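Here we start with a single chain on its own, the form predicted alone, put down as structure tokens.
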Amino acid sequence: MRFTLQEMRTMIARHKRWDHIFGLVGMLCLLLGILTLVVLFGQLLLQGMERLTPEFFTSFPSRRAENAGILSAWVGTVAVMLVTAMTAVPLGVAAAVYLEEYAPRNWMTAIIEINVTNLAGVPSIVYGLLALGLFVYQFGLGQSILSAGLTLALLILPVVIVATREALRAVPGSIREAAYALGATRWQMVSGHVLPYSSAGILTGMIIGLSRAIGETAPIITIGALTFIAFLPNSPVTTDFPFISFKWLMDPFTVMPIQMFNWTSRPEEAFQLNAAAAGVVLLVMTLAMNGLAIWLRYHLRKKIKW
């Protein structure tokens, strides 16, 4: 079937028109998502602006709304997220490297891959019930920061594994073949070439998982997070050798979403303003994590030469 020159030009113009339409629709969808986030953030900011004072960050919760703060909540959030990151990231990356680079292609590996993918969509409350029976009762960790961190680590572990595997797959096979051709072992190839080239994608997956974990409430409530706490965990730094203490891991805790839930459940309008201010802080923490990931990804990509 032959086309004349005019027919080919008409066909190309029609395809270009559809390209422009698709690009316009995609841009509108992007702007809609960004506009929704800006409106919600602006609404919270307007409601909670008067409460965003230094005292709000350095005060404990109180039964009086004007004296209440988020000191124990944001400290607990940082502590829990630290445990989550230190647990989920090494395990997730190691599991992804094994599945992608070392695991044999058989029925057992296929079952593992299917289960990992399915676990990424399991409701968070299920992880909370699992952690309640495993970490709180079976292992005797109690309602502690360690239990909460391990619970959220289980929650985001499938996300980290899937994202890391996708980043590893994006590395061209020629990189692996070149490393093998020069006599490198499999571990030398993975550690010296595949992981550095995929580090930007792995970092993105890590931040996506941590951004989900920082706003989770259901699994934290399930394992017994406190809704009102007027003290801080033990300090990780001590004056005695070895100057590091891990007692804080077993301390009770609260986190930002729990504190917001406590305030929004109260009928007084002043507590609603506190919840709005805490929501602004939580959004800023999440956006800061994502901004750090973008900055690190940009600098990592600049250092890599394909």
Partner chain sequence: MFKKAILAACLTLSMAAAAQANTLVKIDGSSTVYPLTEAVAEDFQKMKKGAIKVTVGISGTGGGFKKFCRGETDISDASRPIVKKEMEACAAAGIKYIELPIAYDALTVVLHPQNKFASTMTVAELKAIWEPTAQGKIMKWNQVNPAWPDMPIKLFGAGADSGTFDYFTEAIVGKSKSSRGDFTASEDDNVLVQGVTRDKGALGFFGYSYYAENTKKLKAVAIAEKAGKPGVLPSFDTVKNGTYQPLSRPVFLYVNAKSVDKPEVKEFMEYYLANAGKLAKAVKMVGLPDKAYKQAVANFKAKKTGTGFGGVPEVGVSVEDLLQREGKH
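Residue numbers count along the first chain shown, from 1. Please read all numbers here as calculations on a predicted model, not as lab measurements.
Omitted from view is the form predicted in complex with its partner chain, to which the following refers.
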Legend entry - Contact label in the predicted complex: residue 58 to its partner chain, heavy atom within 4.5 Å: no
Inset, instruction - Answer for residue 202 alone: is it within 4.5 Å of its partner chain in the predicted complex, judged on heavy atom distances? - result: no
Inset, instruction - Answer for residue 83 alone: is it within 4.5 Å of its partner chain in the predicted complex, judged on heavy atom distances? - result: no
Inset, instruction - Decide whether residue 103 counts as a contact residue for its partner chain in the predicted complex under a heavy atom distance cut-off of 4.5 Å. - result: no
Inset, instruction - Counting non-hydrogen atoms within 4.5 angstroms of its partner chain in the predicted complex, say which of 226, 126, 78, 120 makes the cut. - result: 226
Inset, instruction - Could you tell me which stretch in 23-31, 49-57, 36-44, 265-273 has residues with non-hydrogen atoms within 4.5 Å of its partner chain in the predicted complex? - result: 265-273
Inset, instruction - State yes only if every one of 99, 108 and 297 has a non-hydrogen atom within 4.5 Å of its partner chain in the predicted complex; otherwise state no. - result: no
Legend entry - Members of 62-79 lying within 4.5 angstroms of its partner chain, judged by heavy atom, in the predicted complex: 62, 63, 64
